[in-house]
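Listed next as structure tokens is one chain, alone, in the form predicted alone.
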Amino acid sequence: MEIYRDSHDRALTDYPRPSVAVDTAVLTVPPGGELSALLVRAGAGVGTGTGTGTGTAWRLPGTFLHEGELLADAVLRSLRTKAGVSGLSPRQLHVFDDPARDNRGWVLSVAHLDVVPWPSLTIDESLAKVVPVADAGALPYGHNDILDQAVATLRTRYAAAPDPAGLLEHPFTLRQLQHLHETVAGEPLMRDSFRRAMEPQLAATGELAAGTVGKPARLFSGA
């Protein structure tokens, strides 16, 4: 087979090749909790994490791409083997390509994001844990940058639509929806402004919430 050469008469093997990793930010909201992320135990030689457990380092679930492997397959393999998680559908988030981002060497990370309702997330607790993103601490391999971008992306989505990731069980009240948005945003939201932005995008079920104090609240579903 003829070897391909470019305009500089170089073959592909003449160029340096970085390693390629896939890393996934899995975000969720536990009942009554904060916006949280799935972390897994880091490999030997990483050091001690500062916010997620004494004597143990943690990171986002990820792995190196195997020869001939699809990125999507590598993501699912890493979630299954590193966290005991299956049944997710992560989407590509961003390629992190700073040559100095990973202290192990030149590693490109094709980061992925999945936002999962709490009841749908089952993990192997001997391998992984779910922690508030605010308590993730210092993560190795540039994973803080990945987590920051994942959270920013999710917040942008929630600023524009009622519940794009389907974190709430349907039907729900406007108060429940606002509480979810405040959890995702990490800050209180103005009640009137929130309702003006979100209520036109919802469909009223015609039913009222039971067991509430005062005037029963209307129930909604996504429009």
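Since this is a predicted model, take the numbers as computed values, not measurements. The term rigid core refers to the maximal set of C-alpha atoms that superpose within 1.5 Å between the two forms. Quick note: we count residues from 1 along the sequence shown, nothing fancier.
Not on display, but discussed next: the form predicted together with a further copy of the same chain.
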Within 4.5 Å of a further copy of the same chain in the predicted complex, do P164, L168 and G206 each have at least one heavy atom?
-> no
Give a yes/no on whether P200 approaches a further copy of the same chain to within 4.5 Å in the predicted complex, heavy atoms considered.
-> no
Exercise: D97 in contact with a further copy of the same chain in the predicted complex, heavy atom 4.5 Å = yes
Heavy atom of D192 within 4.5 Å of a further copy of the same chain in the predicted complex = no
In the predicted complex, does L108 have a heavy atom within 4.5 Å of a further copy of the same chain?
-> yes
Of the candidate stretches 152 to 160, 23 to 31, 183 to 191, 61 to 69, the one with residues having heavy atoms within 4.5 Å of a further copy of the same chain in the predicted complex is 61 to 69
The one residue among S120, Q92, S89, S86 placing a heavy atom within 4.5 Å of a further copy of the same chain in the predicted complex is Q92
Scan 137 to 171 and note down the residues that get a heavy atom within 4.5 Å of a further copy of the same chain in the predicted complex; none is a fine answer too.
-> none
Align both forms on the core first, then report whether L65 has a C-alpha shift of 2 Å or more between this form and the one not shown.
-> yes
Post core alignment: L202 C-alpha displaced by 2 Å or more between this form and the one not shown | no
Rigid core fit then K129 CA moved by 2 Å or more between this form and the one not shown = no
Cα distance between G166 and A72, which in the predicted complex differs by 3 Å or more from this form, closer or farther = closer
Out of closer and farther, which fits the Cα atoms of A134 and R104 in the predicted complex compared with this form, where the change is 3 Å or more?
-> farther
